[in-house]
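We've got the same protein chain twice here, in two forms, each standing alone as structure tokens: structure 1 and structure 2.
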Structure 1
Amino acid sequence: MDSNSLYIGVDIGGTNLRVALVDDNGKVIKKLKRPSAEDILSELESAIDEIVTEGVKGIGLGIAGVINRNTYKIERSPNLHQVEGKDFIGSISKKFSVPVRIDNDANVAALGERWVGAGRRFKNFVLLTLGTGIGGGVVYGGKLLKVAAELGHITVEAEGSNCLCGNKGCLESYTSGRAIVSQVVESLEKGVDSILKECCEGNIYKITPEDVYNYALEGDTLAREALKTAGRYLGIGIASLVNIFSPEAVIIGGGLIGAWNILVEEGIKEARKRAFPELIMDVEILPAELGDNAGVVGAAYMIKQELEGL
């Protein structure tokens, strides 16, 4: 392997920090995964220190939040407030003496899927990442569309639930992992009958999205309804995206796609009812392929593209 064809990709999400060494073909050589710390910049520098090697050309950063495309600082991150206002590019480039680029984490995940994942056979697609929050990226004409793509914050209920972004009724407030758990816990607090009461040794405040899915598979009505409700809102969001972008595909990634057969299938049904039939009839709605690696691979590809003038 040519030591000159190495990049470091970083993915900082609402829950975890991932750092990987990636080669020129999109293969992950080495990877670290840690919880997102309060002092995220120091934690990131420490993680890069562990993985950096001779021949690294540059570092790509994907971070959950709205990036100012003039200053390249994170102006707002509803799920990761500790990154707001930080100069990641300045600090990281100074410490490691290589070029550094930054973009939204879901944007770079879309790049990863375009490079070596589910998006490689499409020129136009939308990526939705379903996790702690909801992110998005849009690839048009084979290239990442340089827009905020805060797709988790499109409004699906005009006077709906409060979102961490400050708005009401965002898709993220209904379909994210946090939203699903919140709906379940609120129902249990009201006394709704469910075997989820037995979860986590009776501590309902420790319930996770995975728990909700597992109990749904056991036939628990509350768990199934929570996932189906989330799925219907997902479908509303997908229909809007199809009507706006008319993509060849909608690719869905993130931790919640483990519940594809309930959550996402419900979303697909709802989307096909709501979108213009002429626009959605040929749209493929399919799972992302890179899983946990989408963000780090995409971040590496971002810096590779920049350095090679692609």
Structure 2
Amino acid sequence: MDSNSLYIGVDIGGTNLRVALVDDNGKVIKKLKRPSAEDILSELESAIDEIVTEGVKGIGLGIAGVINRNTYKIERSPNLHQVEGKDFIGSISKKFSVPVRIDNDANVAALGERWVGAGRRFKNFVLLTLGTGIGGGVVYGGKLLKVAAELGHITVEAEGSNCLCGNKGCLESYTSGRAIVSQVVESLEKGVDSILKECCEGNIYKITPEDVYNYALEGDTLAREALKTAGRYLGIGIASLVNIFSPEAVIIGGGLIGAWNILVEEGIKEARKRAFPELIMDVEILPAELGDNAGVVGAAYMIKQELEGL
């Protein structure tokens, strides 16, 4: 079946703005990616301008932050302050005269995976994106659950490390790029022996999660332990989410899935030990498929679903 409907999907995450033209089958026809400017709204408008074409039925926006379910403004975005308080829907729908919808970036990424990614086969799944922080989205009955789904901010240690969100012991303070690097740097500062101290020309403050993974592959104990600790907490989080949502699948995306064989494997083992056995038994735990496109494709699907009354 061929169709002429086109959609624009926007994904504004921590550091990048992505705008794509997406067809009715979830295919990305054209995509722009640029660093998020300070004047994010003007930048977004000009990016959409470059990509908009005849046949565009609507625009979907996925933006990092907590979105008010009544006003649709972004109430807080710790990694992207310039979006806070902005009326994206008002501005964009006025300028482009098509329907516009907004949701959190990780939420729409879940929707993208549902449409044409790792979630295709599942009507009920949980998506966790492991990057600098943790994002989450929940698909229920084939549709996005319109809730905050701040899945990185469930407490896994009552009196644990301080989290950027203001709470203590959040999953994100243990399982995220930031957490892994902190753990490694703290250990190196304490003088723990590790070849990681030679990383980055000896400047341990430049270590990235990818460095940790590479050193782990070379057998460095500190690096391996850091990834396994993150993985163990990931498993604790997955177990809680399985006990809550009884999903068919847990899909894991974000940069950290590069460390799947150490970090995520540890998490899967831990989750299977902890969740209700009859709930986790048939749960598939698998990597996201859309990578950098998950957000734009999902944002496009959000507006498509809305317009088609799906």
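Source: prediction; values computed, not measured. Along the sequence of structure 1, residues get numbers from 1 upward. Take the two forms, superpose them, and find the largest set of C-alpha atoms that agree within 1.5 Å; that set is the rigid core.
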Would you check which of the pair is the form predicted in complex with a further copy of the same chain?
-> 2
Based on which superposition fits each C-alpha better between the two structures, do residue 77 and residue 133 belong to the same rigid part?
-> no
When the larger rigid part is held fixed by a C-alpha fit, how many degrees does the smaller part turn between the two structures?
-> 10
Quote the shift of the Cα of residue 58 between the two structures to one decimal place in Å, the two forms being superposed on the rigid core.
-> 2.7
Between-form comparison on the rigid core puts the Cα shift of residue 46 between the two structures, in Å, at 4.1
